[in-house]
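As structure tokens, one chain now follows by itself in the form predicted alone.
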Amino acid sequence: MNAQEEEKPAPVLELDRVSKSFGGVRAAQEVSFSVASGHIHALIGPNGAGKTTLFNLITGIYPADDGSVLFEGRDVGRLEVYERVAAGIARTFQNVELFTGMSVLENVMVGLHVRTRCGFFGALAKWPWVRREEEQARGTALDWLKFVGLEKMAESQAGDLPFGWQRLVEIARALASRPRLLLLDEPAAGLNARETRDLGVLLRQIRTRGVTLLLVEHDMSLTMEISDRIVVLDQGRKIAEGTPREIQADEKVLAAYLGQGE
């Protein structure tokens, strides 16, 4: 083994020939790729290429028909969604999914549920340790709101926030679960140019905290700027993988995704 191989980070996520069909629609067809620890990895492709389907397979919303999903070397294919969150996989959604009638702080505290011991009866009894745990959870949630720049909005109702801020609340909630892998489904959708630039800065800051990122994103400027590697899907198949520079020059990508070439 040479020095270059020794420095290569270990994969956090590995997909091995993962397939999924819905009736006669083959949404994912033997897709294989890995995401290295500490990287920002992107999935791109035209609408209907299978990007969100792969997210749902990784996070356990759908079971794969064939193939395997490994997280830190462990096959998580049989784990429920909440078990994958507890293992260290978190996500955001293409359409913001917040509890709009709850406060911003309460929404972020929801992300801590898998890291707390208090159950239904503990919440009813309000034992001293339960109250301490709740205060610790509030403090942690406030820390994450400060990280995304929304600590002053902690007591505001989540549904009253501008759309861009709601996306930040969702990211803070995902981070509160202490993931080692964070999946972001079109995080820049609906954001203006300034918000998109700020998002790119935030995603890099998240990486510095030891979180590996996998994102689906249609904003190619953002994707090419922040990604270490990119996987391109078309009609459920992987058609290319490489660095942003390699992807920009790939003829299959130009034809299938950008509408160029033969």
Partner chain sequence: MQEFLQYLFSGVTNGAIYAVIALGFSTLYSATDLINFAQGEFVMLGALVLVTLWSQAHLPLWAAFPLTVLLVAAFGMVFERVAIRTVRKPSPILLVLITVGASIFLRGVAMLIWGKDAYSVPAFSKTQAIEIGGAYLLPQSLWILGIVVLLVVGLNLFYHRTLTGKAMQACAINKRAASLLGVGTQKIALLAWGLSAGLGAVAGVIIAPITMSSYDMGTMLGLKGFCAAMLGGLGNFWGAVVGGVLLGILEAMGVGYASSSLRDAIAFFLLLLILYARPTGILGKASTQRF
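Fair warning: this is a prediction, and the values are worked out from it, not measured in the lab. Residue numbers count along the first chain shown, from 1.
Below, we turn to the form predicted together with the partner chain, even though it does not appear here.
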Query raised in the report: Just to confirm, N192 within 4.5 Å of the partner chain in the predicted bound form by heavy atoms?
Result: no
Query - Proximity of F147 to the partner chain in the predicted bound form, heavy atoms at 4.5 Å - result: no
Query raised in the report: Would T212 count as touching the partner chain in the predicted bound form under a 4.5 Å heavy atom rule?
Result: no
Report task. Using a 4.5 Å heavy atom cut-off, state whether T53 contacts the partner chain in the predicted bound form. Result -> yes
Query raised in the report: Since the chain is shown here on its own, which stretch among 38-46, 61-69, 223-231, 194-202 would lie within 4.5 Å of the partner chain in the predicted bound form, judged by heavy atoms?
Result: 61-69
Report summary line: Looking in the predicted bound form, the residues of 10-38 with a heavy atom no more than 4.5 Å from the partner chain, listed in order, are F22, A27
